[in-house]
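The chain below stands alone and is given as C-alpha cells, in the form predicted on its own.
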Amino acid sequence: MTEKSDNTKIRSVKRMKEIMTAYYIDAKTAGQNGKKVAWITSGGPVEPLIAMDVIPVYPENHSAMIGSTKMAIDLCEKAEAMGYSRDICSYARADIACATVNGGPIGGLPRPDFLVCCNNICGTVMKWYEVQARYFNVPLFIFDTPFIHTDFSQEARTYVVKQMEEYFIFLEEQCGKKFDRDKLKDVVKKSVEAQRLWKEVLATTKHNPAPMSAFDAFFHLGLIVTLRGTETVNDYYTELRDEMNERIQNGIGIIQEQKYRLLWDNLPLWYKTKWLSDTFASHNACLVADTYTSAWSFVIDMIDLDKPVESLAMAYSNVYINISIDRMYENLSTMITEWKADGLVLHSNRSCKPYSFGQYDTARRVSDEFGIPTLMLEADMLDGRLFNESQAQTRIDAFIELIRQRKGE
C-alpha cells in the first residue's frame, strides 16, 4: 500500500499535534506557573477541573501514545516484573511501570497533585489509581457511578449528584479556593458544543467515499477526551469539520476507490492501526465509524445547560460501557443503519473486559438482524504479544470475501 497522496492527507493533523504538544508542555511546567495537575480517568468528570483551572492529564491517553510508538511491551514486562499480572489491563501496566522510570514517548507524565478516578469505564481503574496515589503520595477522589441495566433510577441519580457536590468540595480543598459554579456552567456549555462538533465530524463519514476513516478518528479523538470544555477544542473541531466537508465537496475520500463500508467495535490496536488501515484499504474497504470514538457524543441530549450539576451526573453515569449490552446494541444497530455498513469488525480486547463482554452475542445478533458478515479479532489494545498478524490477515481476507459474496461480486 502506497502512502496517501497530498490531496488525501488531512491538513488538521498538523494543528492537532501542535495543540497536544503545547498541552503537554503546559502540564509539565504547571508547577512553575502556579497551576495544579490532576490525573483523571478517560470517563471522569473533567469539566469541574477545567472550571478550577486544573490541568487534566489522562494516563489512558498517554498509554495509547505508548502503544502507537510501540513502547508498550517493554513497559508491560516491567510491570509484570514488579508483580503485576499479565491479565491486568495493559493501560494500567504500562502506566504503573512508566511512572517508575519516566518512560514513554514524552519522558513520563507530569507529577500529579491529586488523582480523580471514575469507575464508569471499569473496576480496574480504582485499584490502578490507588496504586498511583500511594506511589506519588497524593490524594485520590473516587467518583462511583452505578451500572445502568435498564433505567437510571431516581435513587442512583440522587447518589451521583451528591458525589458531584462532594467532588466540588474535594477540589476546593486541593486548590485552596471556592468552586466557581458560574464558570462551571460556561465550561459545560463549551463541553456540549465540543461534543456536538465532534458528532458532526464523525457524521461526515456517512458520505461515500468517506472523507476520513475510524483510524483517523482514533487520532483526532484526543482533544475531546483531554480538553473538552475549552475554546481551543471547539475551534479545532470546527476546523476539522469544515475540512471534512470541503473534502466531500471536492470528492476526496480517505480511500478513493471505496467499495465496502465497515464499522469497528471496541478500542483500537494502537500498535497496529497503520497495518490494519492499509490491510483493509488494500481491499477497498473503509472503516467509516466505530463505537469507541462515538461514545463521546452519545450523551449530548442528556445535558440541560440550566442544570449543569445534575446533567454531569446523568452524562457520566450513562457512558457507553456503563450501560447494559442491550442498550449498547441499540446504539450499534443505529450506527449500522445510518452508516450503511457492509460488515462489522469487533476487537475482542483482552484488556478491556467490560467493553468486550457479550461481543459474540452481539455479532450473532447483527448477523441475524442485518444479514451482514462480522469479524472477530482477538488481541489487546496495547500489548502486541497478544496479536497474531498472519492469523488476522487470513481472517480479514475471508471476511472481505464474505462481503463480496453477499453483494454478488
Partner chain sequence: MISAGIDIGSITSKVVILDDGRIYGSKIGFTGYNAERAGSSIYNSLIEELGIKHENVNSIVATGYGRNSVQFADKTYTEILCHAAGAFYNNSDIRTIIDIGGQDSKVISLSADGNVKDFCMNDKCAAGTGRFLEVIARALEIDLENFARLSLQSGKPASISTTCTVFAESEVISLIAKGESRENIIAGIHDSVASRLSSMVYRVGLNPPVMMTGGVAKNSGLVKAIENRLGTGVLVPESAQINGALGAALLAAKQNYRQ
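Positions refer to the first chain, counted from 1. The shown structure was predicted, so the numbers you read here are calculated from the model rather than taken from an experiment.
The following text describes the form predicted in complex with the partner chain, which does not appear among the structures shown.
Segment that reaches the partner chain in the model of the complex - one of 337-345, 356-364, 24-32, 47-55, heavy atoms within 4.5 Å: Of the stretches listed, the one contacting the partner is 356-364.
Does the partner chain come within 4.5 Å of any heavy atom of L375 in the model of the complex? Yes, L375 lies within 4.5 Å of the partner chain in the model of the complex.
4.5 Å heavy atom contact, D397 to the partner chain in the model of the complex: Contact with the partner chain, yes.
In the model of the complex, is there a heavy atom of the partner chain that lies within 4.5 Å of any heavy atom of E18, even though the partner is absent here? E18: no contact with the partner chain in the model of the complex.
Even though the partner isn't displayed, in the model of the complex is I10 close enough to the partner chain, meaning a heavy atom within 4.5 Å? Taking the distances in the model of the complex, the answer for I10 is no, it never comes within 4.5 Å of the partner chain.
Though the partner is not shown here, which residues of 275-309 have a heavy atom within 4.5 Å of the partner chain in the model of the complex? Residues within 4.5 Å: none.
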